[in-house]
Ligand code: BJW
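Coming up is one lone chain in structure tokens, specifically the form predicted on its own.
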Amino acid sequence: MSIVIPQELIERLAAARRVAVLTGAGISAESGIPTFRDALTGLWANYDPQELATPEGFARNPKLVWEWYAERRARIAGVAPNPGHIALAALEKRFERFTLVTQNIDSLHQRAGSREVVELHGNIARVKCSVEQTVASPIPQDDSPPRCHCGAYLRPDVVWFGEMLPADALARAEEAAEHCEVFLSIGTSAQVYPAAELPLRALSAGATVVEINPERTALTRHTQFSLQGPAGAILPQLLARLEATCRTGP
């Protein structure tokens, strides 16, 4: 799949020292990971998301929630990063400052080689105490659900509906958005706040904002460049063009 990538965008990337990226469910979907609601199939088809992804739902039925996330964790472990993830890891090496902010909880960016990853919604591969909030490692396998040393249940280290984003992660994301020269918004609907505000912060600070998404979103009209298509097709082409430009010079 060939996408027309404007030379002006390549030149702006080649001149940039600081780049920030926001990724959403779209890039993970290209690896075969369904979105949260799309995963409500089979045995889970009749469950309300509020029962599976809220503190209240966990308090009512911790076993049910634990089993749901254990199944999702097992499915995610069986998929691999796609060319979009791999291209982002390669892009990171080309800039003085490169911050990858993700709404995804699947570790695919880290598995692809990305190092500077800010997880806004946590990580399904971790669990934490539901009371003390301390992360437990490795994930206990003997109980369903297991308990912390304090006696409270362990829960997935992900952000549930109605919960605040981790303050340190959000602060890092906002700082990266406000100080970057180029901001890439990839595979996100631009509807979930506060993440959806990040590209607008970058735009207000004078950055070039680029959207890579199969469809138009609420962000599209604000961007300088909109590349419509899958990240797994566009990002490798973007990387190749950038590398070629940097080799040959202006």
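Not measured: the values here are computed from a predicted model. In this text, rigid core is short for the largest set of C-alphas that superpose within 1.5 Å between two forms. The numbering used is simple: start at 1 and walk along the sequence shown.
Separately, the form predicted in complex with the named molecule exists; it is not shown, and the next lines address it.
- Only one of Met164, Ala80, Ala152, Ala74 comes within 4.5 Å of the named molecule in the predicted bound form through a heavy atom, and that residue is Met164.
- Contact with the named molecule in the predicted bound form, judged as any non-hydrogen atom within 4.5 angstroms, is confined among 97-105, 111-119, 172-180, 126-134 to 97-105.
- For Ala87, no non-hydrogen atom is located within 4.5 Å of the named molecule in the predicted bound form, even though that partner is not displayed.
- Among heavy atoms of Val209, none comes within 4.5 Å of the named molecule in the predicted bound form.
- Residue contact check for Gln224: none of its heavy atoms lie within 4.5 Å of the named molecule in the predicted bound form.
- In the predicted bound form, the named molecule sits within 4.5 Å of a heavy atom belonging to Ala231.
- Within 4.5 angstroms of the named molecule in the predicted bound form, the stretch 203-220 places a non-hydrogen atom from each of Ile212, Asn213, Pro214, Glu215, Thr217, taken in sequence order.
- Once the cores line up, the CA of Val65 ends up 2 angstroms or more apart between the shown form and the other one.
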